[in-house]
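Next up: just one chain, as structure tokens, the form predicted on its own.
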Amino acid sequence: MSVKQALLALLEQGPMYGYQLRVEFETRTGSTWPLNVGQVYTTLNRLERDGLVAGEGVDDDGHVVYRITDEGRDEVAAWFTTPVARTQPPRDELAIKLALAVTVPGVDVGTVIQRQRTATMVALQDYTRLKRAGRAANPARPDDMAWSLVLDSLVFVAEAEIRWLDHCEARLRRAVRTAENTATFEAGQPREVNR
């Protein structure tokens, strides 16, 4: 996730201070990816250093208010019109866990898959309930639509994860059967025929 571009996009709507940006980001994404306010201010400092935002002064409560610069607007426009690259996939903890589970002796990979499938099914049910109720069900405002789209993404990712876990389980079963058949054949015993 690009916090930098997200903050710039929010600043296009008008000057804000860090906490306001955090609240706006979380409102629009349904708090799916919470931001630490320290991360927001660190990012704002970098954006200011790079000439993409400028401090506009201090409000009555002592907060430094930031505004986007022309260079920042160009950066946001480029971000919105550039596809998200898939050349460097993000780290996927579940894929890493399963890759290691099949290579570490003593790990019951079937149990790992089953527990994850159960947890993902629960998450999918929760996302589906959220889609059918509240502001996501009938998005009347732009931030309601934003939350609804985030929920759609979470539903699709959970569904894909369940399909992938089913695929992993089937592949592992086939691999076990193949290994058993090979061991039986190499021991000189009649080979079992898979039907």
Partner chain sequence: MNATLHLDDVTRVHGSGPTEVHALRGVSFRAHAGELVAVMGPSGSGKSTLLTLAGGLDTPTAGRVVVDGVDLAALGGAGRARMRRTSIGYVFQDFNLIPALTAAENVALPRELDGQRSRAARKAALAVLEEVGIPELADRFPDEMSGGQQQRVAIARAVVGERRLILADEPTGALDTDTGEEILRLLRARCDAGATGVLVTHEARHAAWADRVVFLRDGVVVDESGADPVDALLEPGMSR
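Computed from a predicted model, the values in this text were never measured in an experiment. Positions refer to the first chain, counted from 1.
Keep in mind that the form predicted in complex with the partner chain is missing from the display, and what follows is about it.
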property	result
Thr118, Thr128 and Glu169 each touching the partner chain in the predicted complex (heavy atom, 4.5 Å)	yes
Candidate stretches 130-138, 62-70, 34-42, 47-55, one within 4.5 Å of the partner chain in the predicted complex by heavy atom	130-138
Heavy atom of Gln114 within 4.5 Å of the partner chain in the predicted complex	yes
Proximity of Leu124 to the partner chain in the predicted complex, heavy atoms at 4.5 Å	yes
Arg173: touches the partner chain in the predicted complex, heavy atom cutoff 4.5 angstroms	yes
Heavy atom of Val155 within 4.5 Å of the partner chain in the predicted complex	yes
